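In structure tokens, one chain follows: the form predicted on its own.
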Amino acid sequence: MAAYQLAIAGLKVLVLEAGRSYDPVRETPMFKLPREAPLRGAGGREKPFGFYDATVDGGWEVPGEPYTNAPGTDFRWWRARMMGGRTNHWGRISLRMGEYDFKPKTRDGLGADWPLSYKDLAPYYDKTELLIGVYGGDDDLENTPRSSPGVLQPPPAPRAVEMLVKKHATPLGIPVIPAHLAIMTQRQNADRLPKLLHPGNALAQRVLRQSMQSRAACFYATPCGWGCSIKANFQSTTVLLPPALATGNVDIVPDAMVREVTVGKDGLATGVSYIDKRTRQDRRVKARVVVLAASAAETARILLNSKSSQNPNGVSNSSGLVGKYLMDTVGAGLGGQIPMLENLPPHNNDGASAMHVYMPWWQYKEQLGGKLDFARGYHVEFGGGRGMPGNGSFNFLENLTQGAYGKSYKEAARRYYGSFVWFDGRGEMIPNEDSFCEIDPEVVDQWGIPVLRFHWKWSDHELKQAVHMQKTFAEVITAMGGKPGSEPQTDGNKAIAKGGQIIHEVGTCRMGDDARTSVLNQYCQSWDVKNLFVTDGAPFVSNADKNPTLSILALAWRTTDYLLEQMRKKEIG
């Protein structure tokens, strides 16, 4: 987002990408059949989400680029070493943070408040949703704000299984409303939107119009996580980088592993040094302004490794808080089998690869009234139905048939396929002082760059929240006349996903009002180095239950507006 915004403003931008080049239009395997896929598309150690996953290079393990965990920690760090990074892989779930999410400490005394409020970011949510294309409804619930009229694209109709879940969840007091996903259900208006988003900027309007004209609406062919050659979903490689490059103001250097931010005697950033991974040569580039968008943990690693006599603890670290308050999303899941869904006749199950509807958090009042034993909430993502079967789709039959073969196996497959539902909770983690990353003093990667060491601890709030998730899922499944696939966990440590497993890590360079207690100001500008900015998830003060990508993009747009204004005033650059 930062490269796009700066380029259309006329600035020359050099993008250093730690991974390889990637073009989803040419490289996505989205139309390959399972028989063409290695291991029938099943996942493995080097490609955990299987052959079809758009993450063509990277994962929780990157050969030659380790990280370490402190004793007692089992944190997982996902890295996408490719152009566009994680935007190629994510679930496209685009939920706005609400008013409460920006002021959590004011509300319950825990964690910290953001130095901005919802109204500060709301205009940027609107613009970001228009730019990337997001579908969703216009529900306006407590701490679940709607978008401005005309911003969102129409949501797809709920599928049969989603309507069934809604029918049985509603009497339990659980709302089920249209989800917001960065997937286009209709083509963008390439004549109107560029003028609306970039008034008075002919260059921006031209390149954005061309980009929007190249995008098609989703026709529900394959999962978004496989990459999208028709550009119907949002990934930066199809939506932001093409128009940025079309300005003629952007150069991209792939396979460039940044080692550190360089700083001059005046305390300002002068550029960065990086390893050319193809030649293994050290290189340096100069810049008037440096913007880090390497992901929350990688950005912390770069800053902590930027040590000098001027900055013995790393750049922008006078507060000692770089790497601190690392957060992920609380995750827990449970599935079940619903007899009512057995032997369904063939029916239209078309739709986006993710949910058409979801459950926003609904117990704010009970929580405020002290009726729950944990702080903060979660939303529920769910699915089921008779989508295209793939490898492993019938692995569940043994549990229901105690073994079947031949004709009886085929009958069982027809009976049970599509009779399962699954629920995944995605909840808020409160930042704590026991969850952070630092430089491991003994380990370097294959490029000679010191690696990160992680420390991780869930608080009781997150553990109890995960138990609450599983209890809720079991109640909904039972209300549907079904049976949970397993007993809901009552031990939070067994119910909750591992740190990093949901791949929503944020924090490490929190923003704030005070340089003594934060790394960045509210515009994601370093307190210590005024021409250094961060536009990934590192500035997050808290990690609301809303998936972070949309907020990262909106914050990045706000940051670049501020950056450009500072340059116009000659305050920086």
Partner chain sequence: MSDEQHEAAPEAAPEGVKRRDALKAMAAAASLPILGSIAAPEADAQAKPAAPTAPPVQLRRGGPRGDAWDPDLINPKKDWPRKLTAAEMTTLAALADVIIPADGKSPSASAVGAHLYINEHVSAPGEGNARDLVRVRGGVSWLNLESQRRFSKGFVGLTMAQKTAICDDICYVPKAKIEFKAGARFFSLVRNLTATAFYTTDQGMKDVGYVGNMALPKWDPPPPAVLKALGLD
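Bear in mind the structure is a predicted one, so any value in this text is a computation, not a measurement. Positions refer to the first chain, counted from 1.
Keep in mind that the form predicted together with the partner chain is missing from the display, and what follows is about it.
- Between the partner chain and the residues Q402, T106, T170, Q281, the one pair within 4.5 Å by heavy atoms in the model of the complex involves Q402.
- This chain lacks the partner; the member of P450, G390, P145, G485 within 4.5 angstroms of the partner chain in the model of the complex by a non-hydrogen atom is G390.
- Among heavy atoms of R386, some come within 4.5 Å of the partner chain in the model of the complex.
- Within 4.5 Å of some heavy atom of the partner chain in the model of the complex lies at least one heavy atom of T28.
- Although the partner is absent from this view, S214 contacts the partner chain in the model of the complex, with a non-hydrogen atom inside 4.5 angstroms.
- Residue contact with the partner chain in the model of the complex: M340 places a heavy atom within 4.5 Å of it.
- This chain is displayed without the partner chain, yet in the model of the complex the stretch 32 to 40 from 533 to 541, 65 to 73, 32 to 40, 509 to 517 comes within 4.5 Å of it by heavy atoms.
- Candidate site formed by G10, Y100 and G336: none of these residues places a non-hydrogen atom within 4.5 angstroms of the partner chain in the model of the complex.
- Residues M340, L341, L344, P345, P346, H347, N348, N349, D350, G351, H356 are the ones in 321 to 356 with at least one heavy atom within 4.5 Å of the partner chain in the model of the complex, listed in sequence order.
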